[in-house]
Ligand code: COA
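Have a look below at one chain only, the form predicted on its own, in structure tokens format.
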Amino acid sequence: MADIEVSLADGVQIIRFTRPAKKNAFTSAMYAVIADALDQGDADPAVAAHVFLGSGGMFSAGNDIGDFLATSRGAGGLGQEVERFIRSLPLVAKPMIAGVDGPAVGVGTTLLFHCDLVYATPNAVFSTPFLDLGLVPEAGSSLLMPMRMGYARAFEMLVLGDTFSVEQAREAGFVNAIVGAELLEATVMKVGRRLAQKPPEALIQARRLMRGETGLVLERIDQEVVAFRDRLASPEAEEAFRAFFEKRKPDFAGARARTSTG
């Protein structure tokens, strides 16, 4: 199913990224399947919580760059399915839990700030290299990450582009606990089953009260989409992606020169 496996066990909907040969990098089709699963799970009384898991020792490398550029340039922005997915995240009514093993890059990290609980292995690392690609943060991360981590730590990740170890992520407050790789799925499912034993309407209402007004997050996502669309068409982003495919360091000074003379 578009490199996404969706299953239900003990009241927990499991959304597993199953594209390990490509480091579970997301394609437009994968975004569509995840968004559909979240919508359907929220509407299904048999589902109490959603769980995200990777595979092959990898959570997600973020966007599949080739697929992303093909769909985003045609759409003049992030792409229809990407936008549908990120706009759906603040609207999910039921708890979301993530089990992270290995790298979580780009949206692989920003997704976690919409989750209620995150468990990770010692091999987990987190990075958001949007700026290095000439882009801006997405999925509401420019709002949610400073709120969760504090401005200084969020600036380290989103602007400096620092990679956070699992210990740094736990200290920053977006990883709840570090568990061994062999225990990750069992740990996540145990927590999911505990949530499934709670009174369902009270669970949804308590979560809604704790998360607060979704309008601010949706407004920030809209702002990010506009800025992202603008940056994607910029000489800086063009140079960054060219350098990525040519496996070299980008020359942003040259991109500025082309802008000033163009």
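Don't overthink the numbering: it's just position in the shown sequence, from 1. Take the two forms, find the largest set of C-alpha atoms that superpose within 1.5 Å, and that set is the rigid core. Please read these numbers as outputs of a predicted model, since none were measured by experiment.
This protein has a second form, the form predicted together with this ligand, left out of what is shown; the following refers to that one.
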Checklist entry - in the predicted bound form, does G54 have a heavy atom within 4.5 Å of this ligand? => result no
Item to check | A21: touches this ligand in the predicted bound form, heavy atom cutoff 4.5 angstroms | outcome: yes
Checklist entry - Does the 4.5 Å heavy atom contact test between P129 and this ligand in the predicted bound form come out positive? => result yes
Next on the checklist: Is it the case that L69, even though its partner is missing from this view, gets within 4.5 Å of this ligand in the predicted bound form, heavy atoms only?
Outcome noted: no
Next on the checklist: Partner absent here, but in the predicted bound form, which of 35-43, 217-225, 54-62, 201-209 has residues with a heavy atom within 4.5 Å of this ligand?
Outcome noted: 54-62
Checklist outcome for this item: With the partner omitted here, the residue among V105, L184, M96, A154 that in the predicted bound form has a heavy atom within 4.5 Å of this ligand is V105
Checklist entry - Just one of V92, V179, L133, V166 has a heavy atom within 4.5 angstroms of this ligand in the predicted bound form, so which one? => result L133
Next on the checklist: Is the shift of E246 between the shown form and the other one large enough to count as movement, that is, does its C-alpha move by 2 Å or more after the core is superposed?
Outcome noted: yes
